[in-house]
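Only one chain is shown below, in structure tokens, and it's the form predicted alone.
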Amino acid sequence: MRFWPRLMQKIAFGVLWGSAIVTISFLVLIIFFILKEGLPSVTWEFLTTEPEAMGREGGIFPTIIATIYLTVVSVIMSAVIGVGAAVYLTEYTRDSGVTKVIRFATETLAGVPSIIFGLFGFAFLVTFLQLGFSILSGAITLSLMLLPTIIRTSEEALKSVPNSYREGSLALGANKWTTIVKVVLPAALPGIITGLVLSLGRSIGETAAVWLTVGGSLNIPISIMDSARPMTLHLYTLAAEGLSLPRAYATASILIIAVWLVNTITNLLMARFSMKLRA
């Protein structure tokens, strides 16, 4: 009788390990293939010059600038609204019909396909509000896509802060807002940053919504009202239209390296911040 539970435990453990190994293997395979095909074409000239002949020649410098512009603006917009909504849901409300509606709307928003966001951005922002194909139109569209992730991760991070922190601050005479800003948010910051990093990665890698809102200009964007071509859209154009597969692989390699650098740097900074917070 004791043999059967142990056998089931070993089988379950083996299945879990196998699932993890398969997942990691696919990740390594994809990254290895892209870097193998793309890194030979990545040169300093490729990174610092403008595209020529619709991308068949030249580099990707304008697309790098456009990606940075679009990512930073969209994450700032979504972070302000998302963290604010999470603070409201966690600190200022109790479970009620209103909070249930907000959470349901957030979960529904998370399940909407990105092409639908792009169509909304094109119809409402580009056409109705006459913002045109611009970084601003794309950033607003992307910020709507990132809101569910930031709200949920920030809400869970705020809930993980012990109530004793709040009670201690209030007992010392601080009001509720001061307690949230000085005590709760710093304690929840690692979890909030995790949500922002996830959002950052998604905004860098998004294509469908960007395609319908940002445009495809290969010029270096000067302001957020300029049209631009982020690296994902440039990669799609190069591959889909058969302009240059080697440069498409090279652009994909830069995207992978960029996401890896952002995640690594953020994890290092948050580790140092957590150590200082504990000290």
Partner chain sequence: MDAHLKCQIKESIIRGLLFFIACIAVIGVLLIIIFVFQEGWPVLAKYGLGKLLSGTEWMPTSEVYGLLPLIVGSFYVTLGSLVLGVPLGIACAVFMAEIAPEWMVKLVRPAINLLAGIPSVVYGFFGLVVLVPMVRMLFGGIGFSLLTGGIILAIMILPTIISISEDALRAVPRDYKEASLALGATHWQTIYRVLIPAAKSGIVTAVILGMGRALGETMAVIMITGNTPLVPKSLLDPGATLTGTIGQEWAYAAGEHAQALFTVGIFLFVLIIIINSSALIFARKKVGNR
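Positions refer to the first chain, counted from 1. These numbers were taken from a predicted model, which means no experiment stands behind them.
This next part talks about the form predicted together with its partner chain, which is not shown.
Here the chain stands by itself, but in the predicted bound form one stretch of 161 to 169, 67 to 75, 108 to 116, 189 to 197, 108 to 116, has heavy atoms within 4.5 Å of its partner chain. The shortest heavy atom separation between residue 31 and its partner chain in the predicted bound form is within 4.5 Å. Residue 102 belongs to the set of residues with a heavy atom inside 4.5 Å of its partner chain in the predicted bound form. The closest non-hydrogen atom of residue 27 lies within 4.5 Å of its partner chain in the predicted bound form. Not displayed here, its partner chain is approached by residue 175 to within 4.5 Å at the level of heavy atoms in the predicted bound form. For the candidate set 39, 245, 225, 54, a heavy atom within 4.5 Å of its partner chain in the predicted bound form is found for exactly one residue, namely 245. Counting a residue when any of its non-hydrogen atoms is within 4.5 Å of its partner chain in the predicted bound form, the hits in 230 to 255 run 232, 235, 236, 239, 245, 248, 249, 252, 255.
With a change of no less than 3 Å, the CA-CA distance between residue 265 and residue 149 is smaller in the predicted bound form than in the form shown.
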